[in-house]
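A single chain comes next, written as structure tokens; it is the form predicted alone.
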Amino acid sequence: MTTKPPKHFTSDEFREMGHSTIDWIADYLEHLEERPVTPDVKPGDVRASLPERAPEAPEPFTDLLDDVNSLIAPAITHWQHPGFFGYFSCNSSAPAILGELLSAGFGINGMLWSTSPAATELETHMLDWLLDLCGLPDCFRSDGKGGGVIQDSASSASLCAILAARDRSGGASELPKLVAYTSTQAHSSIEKDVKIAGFSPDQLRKVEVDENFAMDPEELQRLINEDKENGLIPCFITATIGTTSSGAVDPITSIAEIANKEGAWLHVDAAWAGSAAVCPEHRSLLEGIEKADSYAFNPHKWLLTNFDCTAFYVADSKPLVDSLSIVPEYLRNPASEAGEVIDYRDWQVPLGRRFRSLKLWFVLRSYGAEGLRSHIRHHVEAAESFAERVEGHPKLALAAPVSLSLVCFSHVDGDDATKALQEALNSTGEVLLTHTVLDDKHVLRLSVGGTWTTSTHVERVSELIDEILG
């Protein structure tokens, strides 16, 4: 007996399901402000609400959306909530959602140019568009030795940079002698990436920072000199534009001079702050990156493009491709063999890759440069206004210089008072703020960046603080 194929949905059924889903998303976003930012659930609650096994027979699609309503939506942290000020935001927008939908509909694997030429060439073009929009140096343009690629996260981008740096410095044979450097304020992903790349924990140096929490170049040079005296090889340096804790900006020019002199790969991580460069007035943040080997920022953090979308640029793609390229027979094809195309599978760790550039294309065309600049400027102005309120409040103080749309502040009475304020704010359900530790003090972070967050929502945080502190 021949087994029958499964029943797939007809075009009309798919349209009906699609309309219902888009309607649900639109309603969700329209009324999101009415929900508490964080869910009131305990570990295991969601799993306990689900059947133990998958259904044997198909279930109606309406039941699925009903369960999203009753089981899923009430049990998520609403990152798109306009009162979400916790971590750096994960932007979403209508054009990005629809671009993602098209990508899912195509269902391609864009690992090679030959597996979908449009996926590769649109991505190359979008990275050049971003380069122009942000005023990035020509060394990262695709028509030269370098170019850009979309990674899933800044963590993956820095991992690729570390792998290229490792192999450029001699690879496995020299690995025990190689040393990587980052600041004490850099993102934890650097430490993880170095570990994945085969470095031992004692091969990563954490450079001390100055009074503004930016890397101290003199301390970096001192550590390098010490390592060289011990027969070690400076291999990789990460500098940050907009650290997670405080938004600090490392002195890229000074660090680049050291990296170039010592032959170390310089990677610049601007995951959050890099989006601000669409505004000319913020491009001073990028001073010195023309001397970097690689650079990354996340349009999915502050440029209205939903996760995942990290723009990763290299000044010379050869070390990256040399490190990551493996060509089995089944991937050989005339275009690749002739060297006429980019195969982005050689620019990342996985083989397979999604059609991420579609959503970026949709966003850039739907908002235009003007819309993107307005989005950034409105948030920067709102954060500056909030910072002024903090400075004028008798019970609050800034804990770090204001960085774009990130404000770090604390209660003047110390950690216990700051923690109590954080708990009181988050318990309202209207807002979410996270914390960090700066100079051994508990510090609150107000990060303005949500797609639907306006100055009114930022002002509400000030009002809540006044209500709580009296």
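Quick caveat, the model's predicted, so the values are computed rather than measured. Residue indices: 1-based, along the sequence shown.
The same protein also exists as the form predicted in complex with a further copy of the same chain; that form is not shown, yet it is the one meant from here on.
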Are all three of 19, 381 and 454 close to a further copy of the same chain in the predicted bound form, meaning a heavy atom of each within 4.5 Å? yes
Sort through 308, 257, 287, 208 and report the residue having a heavy atom within 4.5 Å of a further copy of the same chain in the predicted bound form. 308
Answer with one of 399, 315, 180, 364: the residue that has a non-hydrogen atom within 4.5 Å of a further copy of the same chain in the predicted bound form. 364
Residue 39 near a further copy of the same chain in the predicted bound form, any heavy atom under 4.5 Å? yes
With a 4.5 Å heavy atom cut-off, would you call residue 219 a contact of a further copy of the same chain in the predicted bound form? no
Would residue 262 count as a contact of a further copy of the same chain in the predicted bound form, using a 4.5 angstroms cut-off between non-hydrogen atoms? no
Taking a further copy of the same chain as it sits in the predicted bound form, is residue 147 near enough to touch it, meaning that at least one heavy atom pair lies within 4.5 angstroms? no
Based on heavy atom distances of at most 4.5 Å to a further copy of the same chain in the predicted bound form, which listed stretch, 225-233, 249-257, 391-399, 148-156, is the contact stretch? 148-156
Those residues of 56-79 which, in the predicted bound form, come within 4.5 Å of a further copy of the same chain by heavy atom: 56, 57, 58, 59, 61, 63, 64, 65, 67, 68, 72, 73, 75, 76, 77, 79
